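The chain below stands alone and is given in C-alpha cells; this is the form predicted on its own.
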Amino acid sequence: MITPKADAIFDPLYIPPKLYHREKELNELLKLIADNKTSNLLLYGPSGIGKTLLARYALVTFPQNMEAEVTPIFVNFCYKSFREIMYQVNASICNNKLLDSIPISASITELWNTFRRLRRGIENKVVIILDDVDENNHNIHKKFLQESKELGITTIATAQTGYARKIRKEHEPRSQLDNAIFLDLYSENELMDITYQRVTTAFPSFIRPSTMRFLTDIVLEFDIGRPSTIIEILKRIYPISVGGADILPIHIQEASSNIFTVQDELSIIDSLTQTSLMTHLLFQKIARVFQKYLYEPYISLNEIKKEYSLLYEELKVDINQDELVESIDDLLRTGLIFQSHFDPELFYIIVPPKKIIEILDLTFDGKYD
C-alpha cells in the first residue's frame, strides 16, 4: 500500500516543505518574478537536477514573500504539439470548467485567441512555467517570448544546457529573454541532504544513514548526482519498506543494477584476469566481509588491511605493503570496488556480494592451487 507521504517519491509534481541548497537561485527567481520589467526567464542545467521543482516551489512560496497576487500555470512541453500545449494552458486558466467552449479541434489561432481572452479576465500577475522546452518545441517557446510583454505574462522556461546554448546563438529570442539562471550539480553532502529528506518523508520505516549515504554514493559514481535518479531508486525499494523489512545495501545494489550498467559475470571475470593473484584473493575476502555484515554497505581501509594481513598469514609469507596499495588501486581501476565520495577511506561494491562469491567460487576454484 502506498501512503500519502509516499508522494514525496511517487508524485512527479511533489513540492517538499523545504527546498534544500537552492536558496540563492530561489531568491533570485522570486525577485525576477516580482519585477514587472521581467517577462521571460530561463532555468537551465542538466536533466533531473531540479529545474521544474525550483520553478514550482517559487510560485508556491511567492504569495508569502511578495505583495502581488500570482495566477500560476504549469504546462509540460515534452513531446507536445502547439495545439496540445495551448489547450492545456487554456484549461489551466479556466480550471477545466469551460472546456466545452474550447474544442480540441480548434485551430492554433483560435486557441491562442482564446488564451488572450482568458488572460484579459485575470487581474493577477500570470506566471506560466513552460516546462521541458527543447529544440522540438522551440517555435512555440519563441511565440510565448514574443507575446509575453503585450499579454502581461511572465514565462519561466526550464531547459537543458544544450537548448540554452542554442537560443543564445539566435539573436531574436535571446534579446527577448530577460534573465537566465543556471542550476549547477549538487555536492556530495547537498545530495545526501536531499536523499535524507525524501526518505524520512516517504518511507514508513527507519533507514540507516549509512544506507542512504550508500545510495547517494552510487548515484554520484554512476550518474551526475541527480536527485531524480535518487528518487527512481527509492521507488524501487519502497515496497520492501512497506512490507516491514529493513532496507539493506543489497536492496540498493539490486535496484541500482536495473538503472545503471553494472558489471555482469563475464565482466567481473575479465576484470579479475587483469589483476594479480593477491588482488584476486583479497577481493574474495572483501566480498565475504560484505556477505557476513549485510547491514554494512562499506568496508574501511583498516578492515581491508586486516583482511590483507590474514591473507598473508594464511599464505605464510611476509606482508608487502606496496602490493596492498597496488591491489587496492587495481580493484578501483577495474571497477570491482569503489571509493566513497564522502570518505576516501571507505569502499563499497555495486554487485551483490553473494553473486560475487558465486562467480569466484565457480570460475576460479582450484585455479591457483
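Quick note: we count residues from 1 along the sequence shown, nothing fancier. Because the structure is a prediction, the values reported are computed rather than measured.
There is also a form predicted together with a small molecule; it is not shown, and the following applies to it.
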Can you pick the stretch from 42-50, 307-315, 321-329, 26-34 whose heavy atoms fall within 4.5 Å of the small molecule in the model of the complex?
-> 42-50
Which listed residue (279, 148, 197, 176) meets the criterion of a heavy atom within 4.5 Å of the small molecule in the model of the complex?
-> 197
Go through 231, 140, 299, 255 and name the one with a heavy atom inside 4.5 Å of the small molecule in the model of the complex.
-> 231
Flag residue 19 as yes or no: does it have a non-hydrogen atom within 4.5 angstroms of any non-hydrogen atom of the small molecule in the model of the complex?
-> yes
The small molecule contact in the model of the complex: residue 227, any heavy atom under 4.5 Å | yes
Just to confirm, residue 290 within 4.5 Å of the small molecule in the model of the complex by heavy atoms?
-> no
Report yes if any heavy atom of residue 283 sits within 4.5 Å of a heavy atom of the small molecule in the model of the complex; otherwise report no.
-> no
